[in-house]
Ligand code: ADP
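This document starts with one chain, in the form predicted alone, laid out as structure tokens.
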Amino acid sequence: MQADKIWQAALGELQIQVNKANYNTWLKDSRGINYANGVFTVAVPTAFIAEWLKGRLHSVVCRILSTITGSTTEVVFQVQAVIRDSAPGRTRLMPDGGVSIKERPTTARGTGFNTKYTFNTFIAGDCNRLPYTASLEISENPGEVFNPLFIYGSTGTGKTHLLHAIGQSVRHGEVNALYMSAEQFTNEFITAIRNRKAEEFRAKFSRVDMLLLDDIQFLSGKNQTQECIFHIINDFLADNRQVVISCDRPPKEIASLNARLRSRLEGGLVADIYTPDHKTRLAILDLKSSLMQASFDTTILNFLATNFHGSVRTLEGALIRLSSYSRMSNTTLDVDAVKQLLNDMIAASRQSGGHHTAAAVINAVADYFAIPPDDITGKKRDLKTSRARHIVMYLLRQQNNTNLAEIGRVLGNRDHSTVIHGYNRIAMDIGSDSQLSKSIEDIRLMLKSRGSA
């Protein structure tokens, strides 16, 4: 049996086992190119896709191929470049690994980009690795992979930064990029309707190679605007022109969203971006302070990373305040001075993160680790329960500023020295343990979604 026929059969099975978005993103443009000596070679467009498939679907693909071929089969993912066919809107993989070619009109370059938002000033971490890497890939091969790219996450996590970085990365080449907020798009569309220039409004997008649309949740309930953007996105995708969209939630959670538009948004790569973990916050602070030409002791940076765990903008605002005060007063700040200077911001940050009752925190941590709440407040001391108990101590102290005696009381009348030990264990590990940091951020999101009760 020929390699391409084997792979087509395998793709049929994979379509059943993976969701549509993952299939379209990672498998749609793959080809079976060789099968010999028990090794099956699959051609994919980029190294990023090859790595993802190797890490996430390798065992699944091997099992499916072994079933189809009737013998144990190993799979290898091989990168082969994608180039455009002469017919518009078509692509093909070249066996010789030829260079990707894109011929588009080079009219006015993209405008309206924030020069501070570049890839060089974006800190990548476990919280944003997928959208960051996908954005880099798009900037190098616009219209060829991850189209559309849909990035979602809460306010201040770096979505807008990535959109501007993509636009500025490609605008010096032969790609005409346009950045718009969904609100700006809506306002311009309404004006065009009133002036009977709707067709002219839509036509201007035909001169654009890349559309970067920010905060699309603004379109919720705006049926006529959604219909317009649906057709524009359709035009882009038909011509293999790149679309990148940001939102504060995934497409399925956008209220009153046109079903056809939702389907289009989910048809490419949907990548979530988390609030930065402790390690990433430290890296952001280090970079920002360097750009400000300000120098702060590591204990101060760690204090900021610990107390501002939500929006990156808030984190940067705290750093700006410290830098400004240090320059104006010509003094070197210590942690005590920082606490006084940022007292109001810390209180506001804790409030925005939600002041939750001890019971709410215990229940959220218990749900996250799938253990009974009574185990956390009881005497069990296995590794999983102890870790969960220490996280409760950390959250109650760090987020609610609950005193040590009260934390000990709600956790089964434990001694304050036990609470200090548990809190310090998490505070010490959070900077180096990315999984712990992500767990705590996930629990915070759970608490936020449940309200302040």
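Keep in mind it's a predicted model, so treat the numbers as computed, not measured. Residue numbers here begin at 1 and follow the sequence given.
The next section is about a form of this same protein that is not shown, the form predicted in complex with adenosine-5'-diphosphate (ADP).
Residue contact check for Q80: none of its heavy atoms lie within 4.5 Å of adenosine-5'-diphosphate (ADP) in the model of the complex. Residue contact with adenosine-5'-diphosphate (ADP) in the model of the complex: I284 places a heavy atom within 4.5 Å of it. When adenosine-5'-diphosphate (ADP) is considered in the model of the complex, P148 lies well away from it, no heavy atom lying within 4.5 Å.
adenosine-5'-diphosphate (ADP) is not shown here, but in the model of the complex it comes within 4.5 Å of a heavy atom of T157. This chain is displayed alone, yet in the model of the complex one of C228, I123, I371, L341 has a heavy atom within 4.5 Å of adenosine-5'-diphosphate (ADP); that residue is I123.
Distance criterion of 4.5 Å from any heavy atom to adenosine-5'-diphosphate (ADP) in the model of the complex singles out R313 from the list R262, R249, R207, R313. Shown alone, this chain has one stretch from 194-202, 325-333, 356-364, 158-166 that lies within 4.5 Å of adenosine-5'-diphosphate (ADP) in the model of the complex by heavy atoms: 158-166. Heavy atoms of no residue among T306, Y423 and K438 are located within 4.5 Å of adenosine-5'-diphosphate (ADP) in the model of the complex. Residues of 358-379 are not found to place any heavy atom within 4.5 Å of adenosine-5'-diphosphate (ADP) in the model of the complex.
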